[in-house]
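Here's a solo chain for you in structure tokens, the form predicted alone.
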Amino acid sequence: MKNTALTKTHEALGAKMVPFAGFNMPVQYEGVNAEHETVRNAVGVFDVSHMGEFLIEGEYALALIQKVTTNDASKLTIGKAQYSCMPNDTGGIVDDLIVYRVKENTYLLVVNASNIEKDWNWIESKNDVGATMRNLSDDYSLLAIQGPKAVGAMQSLSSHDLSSIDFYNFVVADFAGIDYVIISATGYTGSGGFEIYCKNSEVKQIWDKVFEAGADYGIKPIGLAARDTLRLEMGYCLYGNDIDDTTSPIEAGLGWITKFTKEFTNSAALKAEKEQGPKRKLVAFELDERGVPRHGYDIVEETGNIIGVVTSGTMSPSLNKGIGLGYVPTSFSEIGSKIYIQIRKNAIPATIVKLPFYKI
């Protein structure tokens, strides 16, 4: 089990620690609902240093990234980031990721913790163009400072105007007494804020100063459980649940990051799937009655026939109702359609809705 540079800090704060993607991680501190509300209404801090970071450099860096990702990385200028995914050869997804253009020929790829080795091997296997690859995952930490008060709470820590960083843009600037960190206006919560990339040796200083600066703003540490409820309220996919090696970006609703203006791994097959229409789709649903949908629960039609499966589900802290994502045949995927979630012996009625669940 790996630790982050802040593991002892989380333990001292009384966090409940659990194994996650091979790391010892804080799942909660004071409770999921309280932490969820902190991020929605104020500002909270996640240690997500388990995430992976790859540096792709050199004259052929863009060529490699264009080959392995679905989005069009040629659109990135220095200081911009892009959500994307890596398709496999059989119609599924190796991983979803964020691509940052750091310099003219330098890109940072941020991948999911559970897929670091798999992703590295996959990209390396496609690197016949001679791009330089460096795996920085063990050397770098990542803090997500999320919530509507993040800008105000953190401004005293940087000489850069944090309010000027647009969504999915980033700067390399001073922060919390460290001269060069990546301050990225990204996150997995839908409530605004930043993600801070720094060296492991720097993260404890940054963590401490972040909490000093945010004290008057109600800042609190947040665990992975609230990260999951926050992302699900926005309808953001979680790898291993909503997308995996067997789900295509087209059926997962990721057509918007799948650009057929270029060739990439398995692009011809995915283009054909888009033109023909997928046989199933990932849909969002709200329960019409009390209940909590969970990953793995069957989705059934009125007669009781199983038509799909819940990939993510929870009791939404913001909406106080059961919400979830799941795959169903395309014929059941229209907004307003009725489906049923099999919760133990009961088939609970649910309505397919448009994302996000939580409207800002």
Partner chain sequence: MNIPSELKYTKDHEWVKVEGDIATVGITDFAQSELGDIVYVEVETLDETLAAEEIFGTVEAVKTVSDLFLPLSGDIIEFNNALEDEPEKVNKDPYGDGWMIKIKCSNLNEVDGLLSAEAYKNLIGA
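For clarity, every value in this text was computed on a predicted model and none was experimentally measured. Numbering follows the first chain given and starts at 1.
If you look for the form predicted in complex with the partner chain, you will not find it shown, but the lines that follow are about it.
- With the partner chain omitted here, the record of contacts in the predicted bound form names 311-319 of 311-319, 298-306, 66-74, 330-338, defined by a heavy atom within 4.5 Å.
- Although the partner is absent from this view, Lys103 stays clear of the partner chain in the predicted bound form, with no non-hydrogen atom inside 4.5 angstroms.
- A residue is said to contact a partner when one of its heavy atoms sits within 4.5 Å of a partner heavy atom; Leu55 fails this definition for the partner chain in the predicted bound form, lying far away.
- Taking non-hydrogen atoms only, Ile178 never approaches the partner chain to within 4.5 angstroms in the predicted bound form.
- Using a 4.5 angstroms threshold between heavy atoms, Ala225 counts as touching the partner chain in the predicted bound form.
- This chain appears without its partner; in the predicted bound form, the one residue of Val48, Ala42, Val32, Leu62 with a heavy atom within 4.5 Å of the partner chain is Val32.
- Within 4.5 Å of the partner chain in the predicted bound form, a heavy atom is found for not a single one of Ser84, Pro87 and Lys126.
- Applying a 4.5 Å heavy atom cutoff to the partner chain in the predicted bound form picks out no residue from 136-173.
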